[in-house]
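Quick setup: one chain, the form predicted on its own, written in C-alpha cells, and binding and motion questions come after.
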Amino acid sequence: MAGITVTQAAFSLSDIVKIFPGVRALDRASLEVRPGEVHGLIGENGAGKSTVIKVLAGVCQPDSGTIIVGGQRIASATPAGVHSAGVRFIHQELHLVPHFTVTESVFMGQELHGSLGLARRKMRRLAEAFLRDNLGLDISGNRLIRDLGTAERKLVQVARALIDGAAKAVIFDEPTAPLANEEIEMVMQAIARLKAQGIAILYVSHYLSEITDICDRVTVYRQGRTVGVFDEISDASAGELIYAMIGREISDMFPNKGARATGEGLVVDGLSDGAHFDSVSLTVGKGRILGIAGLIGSGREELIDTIYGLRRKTAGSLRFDGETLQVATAAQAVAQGIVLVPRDRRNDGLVLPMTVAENATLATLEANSRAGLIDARAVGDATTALIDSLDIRPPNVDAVTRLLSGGNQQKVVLARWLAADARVFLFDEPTVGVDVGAKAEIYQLIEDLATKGASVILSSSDPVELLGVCDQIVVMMRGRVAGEVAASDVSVDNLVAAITGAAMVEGFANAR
C-alpha cells in the first residue's frame, strides 16, 4: 500500500493491534483518511471495523500501534480528547429523544446561554440555518423528533455532532441502515456538502452500491487486517471489493440449486387485507423458493405479515397440501408450520438480552421441559446441534445475542424455526445489515431448506438477491400482482424495469 504523509491525513491509524480475551480483533490494521474525501471502510462482520472505530474514538485502547489526528500523535486517546481534536461520530442508532424539538436535539448537551438564561431563539435560528445550509434540510426548529421521518432524524443527528463548527473529520457508521430507499439520497447529498467543505468523511457500510457511488477511496479489512486500499473506485469495483473482503468471487455468493422435493405446498388464494393489497394469489410448491419483489408501498411487506397472521385478512384463504389453514394470529401460523424471519430482527425477531440458547429454543420450550421445568441439558444439546448446523459464531450457547453480528443474529432466528420443524418459511429482507460473507451463508441455508422440502417465500428489495436465490419471482405493484417470471428467464435490468412499472417486460406472465 502506498502511504501518505501525516500532513495529508485528517487522521491515521497505523499497525493497530487490539486483543480481547481469546480474540485478536485487530492485527496490525491501518487506516488513513484525507481532508475533503469520502473514504469507505468495508469488511465482513468481525473483520475489525467496529473495533478500529472504538480505538479512534478512545473507547478502547489499542495494545500497540500509532494514532495521529490533525498531524498530532495521540499517545492515549480519550473520547473528550478526540472530540476536541475535531473528530465526530454518527452512529447507526438514532439516540434522540422523541418529545424533544429539533432545536433541543441539535443543541442537547451544548446549549447556548444569554443574560436571561437559555438563548432559545438564537439556538433555533442557528439550528435551522445549519440544517438548511449544510445538510439541505429546510425544517422548523420547533418540530418534534417523533414527527420527523427517519432520514430527517438522521440529519438532525448529524447536525448535533457538527453544530459547534469544529469538526474536521466525521465517521458515519452504517448511516443508511434504518432508511428507506427514497430517504437515502437525502443523507448522500448531506455527505457531499460536508465533503465540499473539506471535511474528511469515513463511511462504513455493508452496502457496496453506496460505497462505489459515494467513496473516493476504500480500505478493506479481513480478519483484523488491512488487506487492501483501493485508490480508484467506480461501479465496476464491486467484484474486486467483494473478493478482497471474503476471498472469493461474487459469482460464488449464490448457491447451486440442487435436486428438490416436490408437492403442492402453500397456496395463497385471493388474499386481501382491505387496505394495502387485494386479491393476491400465489403458489409455492414444496422444495420451491418464491421471490416477492416490489417497491415500498407495493403491498409486499403487508402480504408477508398477513400470511403470518400479524395482519388480519379481509378475504381469501391459505392452503397447504390441500388442507385449509386458519391463520388469524402469529401463534396459529406457527402451530400450523408457518414461520417468519422478520425484516427487523433486533426488534421483532429476538430478545436481545437473552442468550443464544434461550432465543433458539423459545418456540420449543415444551419439548425441552420436564415436569413443567426447563431442562437445561436438553436446551444446551439442542442449541449446540443448531449452532453446529448453522455455523453460528461464536459457537457458544451462553453468548448474549445482542453481542452477535447481524448475520449471526439472523441465524439464531432461523435456528428457532428449524428447531420447531416448520414447513413454510417466510423471509422478509433476510440480509439487510449483514455483510457479504454472511449473505452467502444465509443464501445457502435458504437453499438447504428448499432441498429438504420446505416451501419458501423470500420478500426482498434487492433484485440481484431475488434472481440468485429464487426459482420464481412475483412482482407486486400498488397492492396487486403485476406479473410473474421464472428467475432463470429474466435479467436484472428487466426485473428492475418490472418492479418500477415499465410496460410489457419480456419474460413476464400477464398480471393475474
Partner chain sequence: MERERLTLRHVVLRFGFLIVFAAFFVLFSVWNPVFLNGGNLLNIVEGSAILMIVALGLTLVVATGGIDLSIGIALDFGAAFAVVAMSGYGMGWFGAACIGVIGGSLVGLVNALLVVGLRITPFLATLSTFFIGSSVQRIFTNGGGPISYRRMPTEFRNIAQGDIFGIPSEAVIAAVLVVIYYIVLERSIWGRRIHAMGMQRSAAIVAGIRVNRILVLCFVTAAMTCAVGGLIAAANIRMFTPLSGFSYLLDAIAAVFIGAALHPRGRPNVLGTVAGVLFLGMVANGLNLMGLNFNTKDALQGIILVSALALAVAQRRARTG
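Positions refer to the first chain, counted from 1. Keep in mind that this is a model prediction, so the values were computed, not measured.
Here the subject shifts to the form predicted in complex with the partner chain, a form of this protein not shown in this document.
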Contact test, all of 395, 422 and 440, partner the partner chain in the predicted bound form, heavy atom 4.5 Å: no
Proximity of residue 417 to the partner chain in the predicted bound form, heavy atoms at 4.5 Å: yes
Exercise: residue 361 in contact with the partner chain in the predicted bound form, heavy atom 4.5 Å: yes
Contact label in the predicted bound form: residue 223 to the partner chain, heavy atom within 4.5 Å: no
Residue contact check: residue 384 to the partner chain in the predicted bound form, 4.5 Å heavy atom: no
Residue (of 342, 287, 433, 141) lying close to the partner chain in the predicted bound form, criterion heavy atoms within 4.5 Å: 342
One residue of 261, 184, 310, 378 in contact with the partner chain, assessed in the predicted bound form (non-hydrogen atom, 4.5 angstroms): 310
The partner chain in the predicted bound form: contacting segment from 346 to 354, 315 to 323, 211 to 219, 167 to 175, heavy atom within 4.5 Å: 346 to 354
Partner contacts for 300 to 338, taking the partner chain in the predicted bound form and a 4.5 Å heavy atom cut-off: 308, 310, 330, 331, 334
